[in-house]
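Before any questions on how it binds or moves, here is one chain, the form predicted alone, in structure tokens.
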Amino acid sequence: MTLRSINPANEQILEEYSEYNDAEINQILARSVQAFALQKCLSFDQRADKMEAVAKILDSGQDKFARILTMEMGKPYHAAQQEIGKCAWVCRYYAENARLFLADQAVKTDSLRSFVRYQPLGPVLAVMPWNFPFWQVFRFAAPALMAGNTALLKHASNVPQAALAIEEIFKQAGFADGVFQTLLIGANKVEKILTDNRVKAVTLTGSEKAGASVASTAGSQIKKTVLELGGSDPFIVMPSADLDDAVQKATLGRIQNNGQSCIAAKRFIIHTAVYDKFRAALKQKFEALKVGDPMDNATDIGPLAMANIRDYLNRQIDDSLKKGAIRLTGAESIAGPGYFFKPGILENIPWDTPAAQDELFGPVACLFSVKNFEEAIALANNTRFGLGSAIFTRDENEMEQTIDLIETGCIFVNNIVASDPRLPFGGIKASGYGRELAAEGIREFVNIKTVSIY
């Protein structure tokens, strides 16, 4: 198998890589185990020094690394630069806080002394997606390595340059050989690696299908998993909202990363009292968006990452339209080279359509009208997904009720959903389980050991 790095803006092949064979994979796993024997014995200060060095490399090479992201998966260059900056932030965050998060926790019992100690597990496999090629990896790697684990990265097959660049960053920062390694392999080799006794746990960010497959295999081996899967995030707008602010953030929330984000706003649930005004303003915003060269800072939306992503989105929209949805604007492929897609809006969407039931992974907003707050919450929760959610309201009672009633891993009030190293991140239902980031994230891949001394 050959892994190809293809520029989605012009469909030109940038690089080709041969998939690692079984012997190479075995050597990588062996190095990971050997490196763990050293990594787990380092002090927090020693690990922190290396993680701070990673942050410095990211800062100094921001433009170079951002270019890799833009050329390899099509995100606008200014967004790619922001992604690299956020990776440096998460590295510094855990360098500064890992000791505190993993400090012994004293508990008063009948023994002379009782406490909880957090210890690393060993090699952890990370199966990562293409949409945030650096951020998804670093938000796992920074806490995992600071906890004393070693990391094995199976990145998406269309971003091999990003995968190899990340491996090189950790080497340059002074982490020992084998602490962080990239596996250039296809999805068909993940199961064998996961069943290898040397791999102690796995984290996956990706589709429901991939998550179910990995969870099933890991479960048969009694191995810890963390899954961050898809989302169909509700974006509720109530009559008391600042409508101009809601429309501006709705636009940003839907088109971020060319619409290819699990936490992008997707289902816009609008109270009838403000529906027409919101609809008209959002349509105007969408039609003013510039689609084009992602290296141009004036571009709002670059190409979708792959041809199959574009084609699947087209099928979802076509199916929804055939069943009665109405295309308000856009929502169609753009002819010519590259995987460009015109941002669009659907409304009057029947409940048995992909636009209502599934995740549309591209710059397409789905509008729903509701008569009251209770109907808004019911519609927001009527989905198999449960990742992020947002509500725009200035009514304190509506804020508090939404926080209690919404069935998602996070709720943002008067803002779009975003991940932050200081806050735990993850979902429920078909959006996965476990948490990344904050104290909760670093404690996912450790042995929470009870110690009691009499």
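All values derive from a computational prediction rather than experimental measurement. Counting begins at 1, following the sequence as shown.
Same protein, other form: the form predicted together with a small molecule, not shown, and the subject of what follows.
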With the cut-off set at 4.5 Å between non-hydrogen atoms, does K75 touch the small molecule in the model of the complex? no
Are any of the heavy atoms in P129 no more than 4.5 Å from a heavy atom of the small molecule in the model of the complex? yes
Does any heavy atom of E228 come within 4.5 Å of a heavy atom of the small molecule in the model of the complex? yes
May I ask you to check whether F361 falls inside a 4.5 Å heavy atom distance of the small molecule in the model of the complex? yes
The small molecule in the model of the complex reached by all of A156, S207 and F425, non-hydrogen atom within 4.5 Å: yes
Heavy atom within 4.5 Å of the small molecule in the model of the complex, from candidates A79, V291, V190, A307, belongs to V190
Consider the chain as shown here, without its partner, and state which of G174, G186, P350, G219 has a heavy atom within 4.5 Å of the small molecule in the model of the complex. G186
If we take heavy atoms and a 4.5 Å cut-off, which stretch out of 90 to 98, 148 to 156, 371 to 379, 319 to 327 is in contact with the small molecule in the model of the complex? 148 to 156
